[in-house]
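Presented below, as structure tokens, is a lone chain in the form predicted on its own.
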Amino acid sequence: MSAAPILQVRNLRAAFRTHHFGVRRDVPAVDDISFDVRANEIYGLAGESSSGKTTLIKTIAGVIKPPLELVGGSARFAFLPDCESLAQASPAAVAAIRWSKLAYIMQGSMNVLNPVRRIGKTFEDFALRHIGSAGDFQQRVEAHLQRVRLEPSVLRSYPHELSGGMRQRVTIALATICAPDFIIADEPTTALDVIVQKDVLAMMRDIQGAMGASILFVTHDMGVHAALTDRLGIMYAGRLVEEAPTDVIFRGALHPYTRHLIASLPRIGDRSERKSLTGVPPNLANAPPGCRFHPRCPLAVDICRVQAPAMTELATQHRVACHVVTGEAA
């Protein structure tokens, strides 16, 4: 795929910084991350809980509130080329692109929907200023609801009157009603049962294809990535450790952490015992030196304990950060 990137992330760093009772703490939750998201593709971010996925996308989206701080690097959107990151953009510039160019599907539908406002009023709050007259707006919303397989009567409902799957469809409709160029989706299917999840994923792929939008899709569920994403980045302890087209990752992952994530997936008819990864993710307030995965890594050698590996492209579109895989440990 040779399309120009719609998002370029370069050496992005963000940290949680606190200073209480004379004690300073600096937790590097996003540590020197670089990747591109191309036009009309779905780019996935995977990794276990506390790997930094949500903090990364909040930094990219400019949703930064203390104690989180942008430390360095850039996250540049093609539709805002003169701005190195949304966190540094003016409120007017952010307001001009929010929902019309950039949309954000947050984790958990009830984090988005106001419990005391009907769904129709929420659509007005989000999108009316971007679309036009009230009459045209009502027709467009009703037509868009049909695209996500919801009846217009939903607009008269309160969030608590809808099922979890219906609420999630509403949040997806809110994020896509203005046909944005870029959508950030943070665990949008986590709370759904597998049947509804499958339907929602197919719907997101259909809408993305129809609009030609790009999606940055975040979930810890590798099965979801296999079904939806075009390319996949694997995060561990605030760093990107592997990136490749999704089918390449599942056919031949290189990083030992990625291999563990894939090996943990259940397979029909396979009753063999699955070994869990020993240890726990590191405390980033006191991160281990070198490769952050080395305390849990079965391949770790001396260099892994003292030197952080760089992301190295070993094949076309396949990057990995591992001394052993790249041959630096020889």
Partner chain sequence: MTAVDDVSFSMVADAPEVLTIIGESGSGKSTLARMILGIHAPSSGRIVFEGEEVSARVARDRHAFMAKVQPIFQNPFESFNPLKKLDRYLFMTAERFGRAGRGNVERVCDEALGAVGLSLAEVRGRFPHELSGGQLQRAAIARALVSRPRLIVADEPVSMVDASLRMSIVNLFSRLKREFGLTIIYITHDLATAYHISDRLIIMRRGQIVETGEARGVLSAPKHPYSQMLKDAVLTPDSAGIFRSSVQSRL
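Heads up, when I say rigid core I mean the largest set of C-alphas that superpose within 1.5 Å between the two forms. Numbering follows the first chain given and starts at 1. As the structure is a computational prediction, the values presented were derived from the model and not from experiment.
Omitted from view is the form predicted in complex with its partner chain, to which the following refers.
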*Considering only heavy atoms, tell me if A143 and its partner chain come within 4.5 Å of each other in the model of the complex.*
no
*So in the model of the complex, does G279 come within 4.5 Å of its partner chain, heavy atom to heavy atom?*
yes
_Can you tell me if D32 lies within 4.5 angstroms of its partner chain in the model of the complex, counting non-hydrogen atoms only?_
no
*asked:* Given that its partner chain is not shown alongside this chain, does T122 nevertheless sit within 4.5 Å of it in the model of the complex, heavy atom to heavy atom?
replied: no
_Since the partner isn't included here, can you check whether its partner chain sits close to all of L7, I64 and I97 in the model of the complex (heavy atom within 4.5 Å for each)?_
no
*Which one, 167-175, 151-159, 80-88, 196-204, holds residues whose non-hydrogen atoms are within 4.5 Å of its partner chain in the model of the complex?*
196-204
*Ok, A93, A226, I131, V71: which has a heavy atom sitting within 4.5 Å of its partner chain in the model of the complex?*
A226
*For the stretch 234-271, return the residues whose heavy atoms include at least one within 4.5 Å of its partner chain in the model of the complex, in the order they occur.*
T246, D247, F250, L261, S264, L265, P266, R267, I268, G269, D270, R271
*Core-aligned C-alpha movement of L265 between this form and the one not shown reaching 2 Å*: yes
